[in-house]
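Alright, two takes on the same chain below, each alone as structure tokens: structure 1 and structure 2.
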Structure 1
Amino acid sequence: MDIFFVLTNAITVACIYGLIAIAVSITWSSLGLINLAYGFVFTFAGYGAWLVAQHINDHPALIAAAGIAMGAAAGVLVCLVVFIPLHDKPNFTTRGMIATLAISLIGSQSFLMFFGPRPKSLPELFGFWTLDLFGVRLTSDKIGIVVCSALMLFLVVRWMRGSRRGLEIRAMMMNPHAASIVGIGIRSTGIYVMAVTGAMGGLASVLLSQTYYIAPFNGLTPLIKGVSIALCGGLGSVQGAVIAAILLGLVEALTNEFLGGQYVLMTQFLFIIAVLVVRPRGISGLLDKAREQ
């Protein structure tokens, strides 16, 4: 077994699905919404980037920017359709989860109607070069995925720490009730949360399209893996989501190496079950007490 090959594959997978998992954690901890519409956001961004590549320009930077912008737009749409109408209603968590899942399923059928079943492909964003680092050969797509994911996460963290809206989101993540008491608008902040997390999902879609085709139902697997990673790490814990993404990426890489790709979901869910048996609230996350009331 080439341990370095397995590790590079694990890190690459962790970067893509980790973006969605972190988005799920941010949405839950700030808005109290388990957003299952990321399947819709993921596919919407993929088709948006594909349309830009087909009809405007296929420059890699433009395609990536289109995926991010389309993901943010889809996130805002979900906020307007689900979060704002339902956030002050009884059983919001359950209602929001069902409503966002419905958006993902309806969106998949809509994409099938408009684009047909034939998968689409995006141009290579990072070229075909390789880099030898300490005897380990790294391909351009793996390096590009890691760099883009890390840069996106860095920019989101900097924005949340340095901007007024970002500080409002952090306040809601710490204590949503206290944040609303001091005058932080839940609806307006929700739009920013969904736009930022949607942009993260959009970038994940463009990055994953370097390995898989864009298809009407290709957002469901990233949704399942993203939510699973968030649950494994602990809902509301960004650090837990990062740790869980790395561990599950390693599980996927090892499964592909020894058993085959058809067993990936099985081994990943067995790992998640084992973690939740030992730590019911995830690797490092604790449910916000305000969410339990």
Structure 2
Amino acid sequence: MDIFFVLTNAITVACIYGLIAIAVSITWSSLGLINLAYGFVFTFAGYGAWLVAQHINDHPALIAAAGIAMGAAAGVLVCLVVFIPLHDKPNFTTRGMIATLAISLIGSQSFLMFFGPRPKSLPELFGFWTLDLFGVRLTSDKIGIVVCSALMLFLVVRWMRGSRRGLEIRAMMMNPHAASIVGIGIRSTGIYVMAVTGAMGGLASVLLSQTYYIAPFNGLTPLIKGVSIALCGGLGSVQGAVIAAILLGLVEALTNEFLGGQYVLMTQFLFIIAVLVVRPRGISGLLDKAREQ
């Protein structure tokens, strides 16, 4: 097997999972909510994009926009159902986590009821063409996935750095109590955060469906991978998540090359455990309490 082929594969997949990891990371650090409903957001956006492709138009831009919009809608839904009623209640972190898990359970069962167990596939978004870069053959979908996720990440980071809302979110990340004292609404910020992170999940869903199918229970693997990357990089840190995504992609590629595909999860988890034992709050997480909740 060609190492470059494996490497490009790993980078492509890492881009998608990295999007979810960053979404998990931003949600945790700004809202204090461990959102395990990204699997639901993921599937919701996938089915939304599929419905648009089936019934309206299968123009790639429209499908991608539909996926992003549906992801944002699912994120807002989770925010309305879980974050807003629970954020000032006792045991918020545990209850929030269990509530998001409940949403993912309800969500996957509803998808099963409405759409049936048969997987659905989205049309190709990026066409069929290849690019020869320094002797490495890159297919259109890989380039498209990398470019799209990088663009999304760039836009989100830009928005968080440059806009008023982004300033509010960053203030919430630093100190939620002080942020609420100076007049930043926790609930409204919650809705922005969940909409943006949901949009990231929705884009990841559309991108991943270039490789895999959309099925009721398919949100789980991206969720677990995303959460692992977020953990490894340090919850609350965007650059940590990027580093972790690249490192875990490398581990996956190397394992595939030298040990074999069935050991990928094992080596990845050993790697994560090793990282966490050395740095309990991830690669670039702060060592002290990052968030008082």
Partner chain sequence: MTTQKSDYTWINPLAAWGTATGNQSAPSVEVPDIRENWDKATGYKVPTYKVGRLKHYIIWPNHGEKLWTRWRWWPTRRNMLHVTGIYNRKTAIAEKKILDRRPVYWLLCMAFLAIAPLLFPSNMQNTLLTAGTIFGIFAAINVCWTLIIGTASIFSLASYAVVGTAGFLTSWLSITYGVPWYVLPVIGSVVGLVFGLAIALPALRLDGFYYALLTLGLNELCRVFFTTSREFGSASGGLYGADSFISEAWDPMVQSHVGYYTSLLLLLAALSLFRLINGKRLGRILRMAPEKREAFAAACGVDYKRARIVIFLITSVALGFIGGFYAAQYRGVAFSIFSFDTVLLGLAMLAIGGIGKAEGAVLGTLVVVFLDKVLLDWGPMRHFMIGALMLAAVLFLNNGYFGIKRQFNAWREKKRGEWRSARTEKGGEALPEEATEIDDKDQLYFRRFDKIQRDYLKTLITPEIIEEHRRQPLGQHSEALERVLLYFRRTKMEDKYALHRAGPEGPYKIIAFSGQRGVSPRLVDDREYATVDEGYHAVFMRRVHDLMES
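Bear in mind the structure is a predicted one, so any value in this text is a computation, not a measurement. Residue indices: 1-based, along structure 1. For the two forms, the rigid core is made up of the largest set of C-alpha atoms that agree within 1.5 Å on superposition.
Between structures 1 and 2, only structure 2 derives from the form predicted together with the partner chain. Taking the rigid core as fixed, one finds a CA shift for V264 of 2 Å or more between structures 1 and 2.
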